[in-house]
Every structure is written in structure tokens, then in C-alpha cells.
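The chain below stands alone, shown as C-alpha cells; this is the form predicted alone.
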Amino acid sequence: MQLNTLKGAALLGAAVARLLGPQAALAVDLTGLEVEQATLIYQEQGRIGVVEPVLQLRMPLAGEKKLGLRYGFDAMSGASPNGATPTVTHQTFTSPSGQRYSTASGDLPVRSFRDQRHALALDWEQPLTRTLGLNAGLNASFETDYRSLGVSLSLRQDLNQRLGTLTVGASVSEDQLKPKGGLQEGLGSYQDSPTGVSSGAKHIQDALVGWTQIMNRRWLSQVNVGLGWDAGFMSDPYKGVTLVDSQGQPVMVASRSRMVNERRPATRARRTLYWGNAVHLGRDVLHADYRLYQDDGGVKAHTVDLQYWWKPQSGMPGLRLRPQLRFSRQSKADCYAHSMLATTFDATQPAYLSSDSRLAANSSWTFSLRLDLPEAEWGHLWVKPTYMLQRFDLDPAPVGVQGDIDLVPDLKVWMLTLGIGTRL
């Protein structure tokens, strides 16, 4: 396995050299090439499972330039919520491909799916002067019904005798969604109101300004401010919202629950603030980070992330343990509702509506422990198990029989990451 990885890295390096031209080919030296392969196994309880192997290369070039290549493959399968609310009765739905599927009384309605994603990223890093550096990147990802192409550029300037670094960056991404059955009319009858348009586009722009400061011999601090703007087709074409009566029961139309396709605003402005700290505690290092996210759709999120890089005093030099604890709290989006009274919907005709639980008010705890084994001559191995528990607030309040049902069940996620790395 290791020989095949190194052989593949060498072949890829030679191919890149040919692409860069004869002069660049002469400058490529595989000495110092870093190769890392990591595989993530992700499983939601009763829902989606993902296996994602990723290969990453960092290649040093002449003039202190660096070229990074990253390839990832996702194999996704399982069950994804379709947006309908659980009820005290049996429910039947029709998928965009025309297949019928059912949900038992009290269960969260989900639809089965299977998909694959290929992602490729290219990063270029080089110094422009002694204190000024450039980073540029290209990325692309492809799924059955989704495509994303992006470009990024950033500059970093060392200041104050290199005790501080100013970073300015921007990125642009052009995405295209092509769902099965084409686009559906927002707030139209669920999966039964085609627009005749087969695809939708989304444009994503981000800008970032950051400052990194060496505070003293043991403390490094970083502050980033980010702005983002999204425009285009923002809705999930596979999710709907259930309309219920005053007793919390779905309104029935032709023996089916009355549902409408979700619709989200066509634009979204985002703001982020990040403050990260690394404190050296003799042998160990403490990382303490805080992130604030806010958008004009009503979502505001606070995240605190603590990591402790521990070097156990054992007979195995190079052994590392990294316990991590993360807590996040998010407010709900203005357009979110787990379901809606049919009378309210018909009377007010809301502009936007979504029952996607990712837009609900929620809190989550994440626990992980990364173990890095001592390095050998060929490289190193590491493993990271992770568990996440996410709980949701009910808004609006349950109506009638909804009080007897778990409308938005907790999300429990188990993850395991296995990594191997080496340097030539």
C-alpha cells in the first residue's frame, strides 16, 4: 500500500512538471514531497452514511514555491429527511423519479438515496518578496445532480518585524443544480408543480481579512473577519413542508398529505468573526477558538472549540493525543417552520418557507480524540473517532396531536477518520 502511494505520488509529480513546461520540469524535486491519505467514515443514526477517502500532496518547487493537490471521493447512501413532519398516521410519498415510499406512524419521513461526489483542488503558494506571499487555488466538485467550480486568491504580508501577519483573500464559486425531475415551483404542490426548467445556478462570493499576532513566547492569536454573498437558486429541490389542520393532523388531498415545495430567499448575505488562540504550555499546546456567524436570513450561531495537544510522558516518543470539545448554538432562520397551519398558509401566502432542520434553532456538542502514533522512517499513522449530538428547538409550538410526537428528532452522528502520511 505504501509503495503504491509513493509510486502514484511520483507519477503525479512528473505529470504536473510536464504541464508546467520544460523549465519547471527541471526544477521539480520530489525531495520533501508530503503525501497524506485520510479516510472519513460518517454515519448518522438511521440516516445518511458517507465514506470519503482523500489524497493530498504538497510538492516543493524552486524558489520556495509550493504546489498542493487534493482529491476526494464521497460515496453517500442512506436516508435523508424529505421535509415532511411526523404524524400519528401512516404516510405515503412519491419521489422525483416517480417511486412511491412510505413512513410509519410517528417516524420522521425520509427518502432513500445513493450518490457519489468527486472533488479536486489545486493550490499554489509562492513568496513575492521577503515579507509578502501569494496563495491561489482552484477547486471543482461533481455529483449526479450538482456541480461546483471555484477560484480563490489571498495575499499575506508580514509586519512588525514579522511578529504579525495581515491576510486578505477572496473567493468565487459558480454552482449548478440539476435535480431529478427538474426544478419545482417554490411553495407549489410538493413534487407535483414542475417549472419546466431543468437546472438552477448559484453564485457564491467570499472575502476575508485576517490578522495573526505573536503575543509572546507562548501565545499566538488570530482574528479573521469574513463577508459572503450568495445569489441564485438557494432552495433544496427535494424538500417540502407539511400543511396541518388545527389538530396538528396533515390536511389530506386525494389521499395524500398536503405538502408544498420549500422556497428560500434568492440572496443571502453572511458575516463571520473568528478568534483563534494557541497557547504553549511547556510540553503541551492548548487551542481555544470562537466563531460567530450571522446572515440576513435570521440565523446567528456561536461556536466554541477547545483542543488540547497532549504529549504523554511515555516510552513512545512522538505519541500525541488531541482531545477536542466543540459546542455550537444557532438561532432559527426566518423562513423555518417544522410545519404550518393550512389556514395560515392560505391566508398569508408566506414569501419563503422551509422545514429543513439545519435552519432550525439548535445546539450541538461534538467530542473527538485524535491519536497520532510515533513517526517511523516511512511516515506516520493517526486515528480520530468523533461523536456529535444535535438537539433542536420546536418553533412554532406543537399543535394538537403534534405534542405526542417527536417532530424534530435528535441527530446523532458517529465519525471515524484514519490517516497515513509520509515525506520523501
Partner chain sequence: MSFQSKSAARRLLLPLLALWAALLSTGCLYAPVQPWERDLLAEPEMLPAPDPLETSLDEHVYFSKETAHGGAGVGGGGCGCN
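Residue numbers count along the first chain shown, from 1. Values in this document were obtained by computation on a predicted structure and should not be read as measured data.
The same protein also exists as the form predicted together with the partner chain; that form is not shown, yet it is the one meant from here on.
- At the 4.5 Å threshold, heavy atoms of Q37 reach the partner chain in the predicted complex.
- Using a 4.5 Å cutoff between non-hydrogen atoms, R100 does not count as a contact of the partner chain in the predicted complex.
- Of the heavy atoms in Q43, none are within 4.5 Å of the partner chain in the predicted complex.
- A278 belongs to the set of residues with a heavy atom inside 4.5 Å of the partner chain in the predicted complex.
- Annotated contact segment (heavy atom within 4.5 Å of the partner chain in the predicted complex): 157-165, selected among 181-189, 92-100, 124-132, 157-165.
- Looking at the partner chain in the predicted complex, residues S77, L381 and R391 place no heavy atom within 4.5 Å of it.
- Among M340, V110, L220, V251, the residue placing a heavy atom within 4.5 Å of the partner chain in the predicted complex is L220.
- The single contact residue among V197, A170, L306, A104, judged by any heavy atom lying within 4.5 Å of the partner chain in the predicted complex, is A170.
- Contacts between 337-368 and the partner chain, taken as any heavy atom within 4.5 Å in the predicted complex, involve R358, L359, S364, T366.
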